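Taken one at a time, structure 1 and structure 2 that follow are two forms of one protein chain, written as structure tokens.
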Structure 1
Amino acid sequence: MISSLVFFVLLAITSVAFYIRVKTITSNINLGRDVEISDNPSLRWKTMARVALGQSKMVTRPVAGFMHILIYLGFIIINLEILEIILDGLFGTHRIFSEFLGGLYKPFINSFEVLALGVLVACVVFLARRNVLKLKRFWSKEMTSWPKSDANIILIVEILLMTAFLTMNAADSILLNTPPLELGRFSLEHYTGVDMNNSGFVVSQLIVPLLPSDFTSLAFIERACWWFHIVGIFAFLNYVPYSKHFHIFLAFPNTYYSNLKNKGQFNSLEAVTKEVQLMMDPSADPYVNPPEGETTEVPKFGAKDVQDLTWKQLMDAYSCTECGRCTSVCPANQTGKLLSPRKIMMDTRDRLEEFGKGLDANGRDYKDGKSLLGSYISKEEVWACTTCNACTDACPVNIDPLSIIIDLRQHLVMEESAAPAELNNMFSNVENNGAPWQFAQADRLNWANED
């Protein structure tokens, strides 16, 4: 009873803490501008199934993709084993599923052990890629101490959790194969109705020779690993929302709401469209007063801070895996320019976290004198982008860094008139000559008269 009570308290604390963090993230995402994304639901479901569930964009790099799928499957499927542990913890039972599955229980656990071994191998390989091989995209300048540590922490925790799971099974398999009379007082603590056929589980039996033979030590190891495994999972669950690994959850809605239009297609600005329509309508009066009770709000162009972006762009920021695939294919970054699409997403998330905390502490009128553009992302980064969409195409969860860059550019051009000199010359030519070239329309065909 004491054990079940302690477990219940830990489960309650874990659930409440996870709920509070997810609520905070949801509130931060909702700070963005509203945008309607409900078209073509069937294609959206297919996109989510293919990209988020099927990992289709991960396998474009086969080795990393295969290893990631191992970890992904382990995370999804081994959750069934976690469900058994939770039920055992709440009701004081031991391997509660064995009673319902009967002879299928051992193959059931064996499948988890094979996955656990796959997760172990994949995590070791990923640790080696990051810290021994030191792949360039994991050591870019935006990958400071925290982003680098974050990835290593998750991988090490996964290794420890899978090791505890296999060690627990190894100790338990000996106890389950021991007649109740020989177990003595331990027979009350361990379920003895599991048919082990005098053998252990498929992977953990390799650990059995390394374990002590006395039942007291085995019982201690089994219980210690059981508690370490489940408490570690509870801690992992509440670490993930503060980590880049929250994409485990957000990848699904993020791919569902991803952009289905042709890459590079820009949305028309409603305020600009309205101005053009007024210019094209000879009978229109741009100075007419609005109807009584209505106000004419001066439109804002582009984005300067996170609240000027859409909720989908802010969801993109929280969904970023920091894998660096976007930056590794960015032509601007490859030629030594300051731009890194990964940094754009990381900066957006960091600024959103900072701004959200300020709002929570000081109310909706909070101003800190900072902004995404300028305080986090420089003009040089924004103008280095070639708008080629390589970053968007490479992202394994369909994040669109280009849309944020374009919105920041629009603010610079249309709100601050801060375009580079080369673009300002072109704007002047378009305004005066109707074309980007620096000569009048009447002179455009002069080249044809030359000998």
Structure 2
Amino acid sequence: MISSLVFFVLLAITSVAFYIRVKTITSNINLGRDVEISDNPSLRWKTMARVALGQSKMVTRPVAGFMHILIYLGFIIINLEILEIILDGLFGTHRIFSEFLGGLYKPFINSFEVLALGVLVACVVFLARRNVLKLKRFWSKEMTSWPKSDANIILIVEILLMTAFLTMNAADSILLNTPPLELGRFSLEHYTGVDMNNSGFVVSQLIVPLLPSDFTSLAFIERACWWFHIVGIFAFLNYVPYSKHFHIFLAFPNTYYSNLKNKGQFNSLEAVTKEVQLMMDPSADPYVNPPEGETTEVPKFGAKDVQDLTWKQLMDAYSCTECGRCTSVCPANQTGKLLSPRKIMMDTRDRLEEFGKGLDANGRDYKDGKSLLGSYISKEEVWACTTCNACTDACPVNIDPLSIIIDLRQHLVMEESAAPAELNNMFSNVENNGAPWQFAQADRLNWANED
């Protein structure tokens, strides 16, 4: 009874804390510009099914892809077991699903154990790739101490959780295989009701020989692991939204709202179209008053700070799990330039978190004198991009760092006139003679008269 109450309180705290954090993230994402993304829902669902649910882009790198699928499957399916644990916790029952599943219960738990072992192995391999093999993409410049430890914490916690789960099952299997009469002498008769066929569970039986033989100790180990496991999961749930690991939730909406256009098609700025049309229309009167109700506010071009980006670009930032596949294929990064698409996403998220906190503390008109461009991302990074789309192609959850880079460039060029001098030359050539180089328009067809 007391344990049910304690469990209920813990569950309530977990849920409320998680809810509050998710609300903060949602309102941060909504600081972005509004943009309508509702076309082609069937293709959107398919993209989500293929890329997020089906992990199609993960497996382009087979080793990491396979290990990730182990963890992913384990994570999703073992959640069914967590449902049982929560019900047991609330109602003081023991392995409540065994009542409904009968003879199927043991195979049900066995399958979880296999998955748990898979998760365990994958986490160990991942830890080794990061800390022993030191794969380049986990050690680049933007992987400072927090991003590195964030990844390690998650992997270690997952290993601990899986170990607790398996140890719990091992201790329990001994008790479940003991006749209730015998257990009754220790008031442990509730360890019953599972059809065990006098053997252990498929994986955790390997742990059985390591355990003590007296029933009181076994019951203590079982309970301790049970509580450690579930409290660990509660803690994990509230760690995730503060960490890069939030991709486990956002991968789904983020792929749903993927860019479905050809990657080469960059967004068109409507505000610019209006002005250009006005410029090209010989009958337009530039001094005419705008029609009633229309604002005369000068539109802003491009992005300087996070609130100039769209909500989708901000969702991208929270979806990034810092795997670094984008950076590892970026031509600028591979040749030693400062640009790293992963850093663009990490900076966007860090700046958004900082700005969101400032707004919460100081009200809606808060300004802190900082901005994404300048305080986080330098011009040098922005200008190093070749717009080759390798980063967007590599991202396993369809994040688009390139669109942010272009928005920052638009701000530099159209708001600050701060393009590199050579690009300004190119602009004036295009403007004056219709080509990026200084050749006369009249010479365009000269090639046709040459041999």
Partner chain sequence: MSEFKVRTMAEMTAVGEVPEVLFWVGCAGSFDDRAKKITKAFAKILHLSGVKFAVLGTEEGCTGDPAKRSGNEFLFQMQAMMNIQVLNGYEVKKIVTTCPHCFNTLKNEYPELGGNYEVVHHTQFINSLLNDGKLSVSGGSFKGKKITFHDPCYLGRANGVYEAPREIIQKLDIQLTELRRCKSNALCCGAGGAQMFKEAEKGNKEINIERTEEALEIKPDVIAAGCPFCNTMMTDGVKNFEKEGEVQVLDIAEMVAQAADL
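We call the rigid core whatever largest set of C-alpha positions still superposes within 1.5 Å between the two forms. Every residue number counts along structure 1's sequence, beginning with 1. Small disclaimer: the values here were computed from a predicted structure and weren't measured.
Peer 1: Identify which of the two structures, 1 or 2, is the form predicted alone.
Peer 2: Answer 1, the form predicted alone.
Peer 1: Just checking, between the two structures and with the core aligned, does residue 22 shift 2 Å or more at the CA?
Peer 2: It does not, since the residue 22 C-alpha is displaced less than 2 Å between the two structures after the core fit.
Peer 1: My question is whether residue 435 is one of the residues whose C-alpha shifts by 2 Å or more between the two structures, given a fit on the rigid core.
Peer 2: Yes, the C-alpha moves 2 Å or more.
Peer 1: With both forms fitted on the core, give yes or no for whether the Cα of residue 6 moves by 2 angstroms or more between the two structures.
Peer 2: Residue 6 C-alpha, core-superposed: shift of less than 2 Å.
Peer 1: Core superposed first, then measure: what is the displacement of the CA of residue 444 between the two structures, in Å?
Peer 2: Its alpha carbon moves by 4.6 Å.
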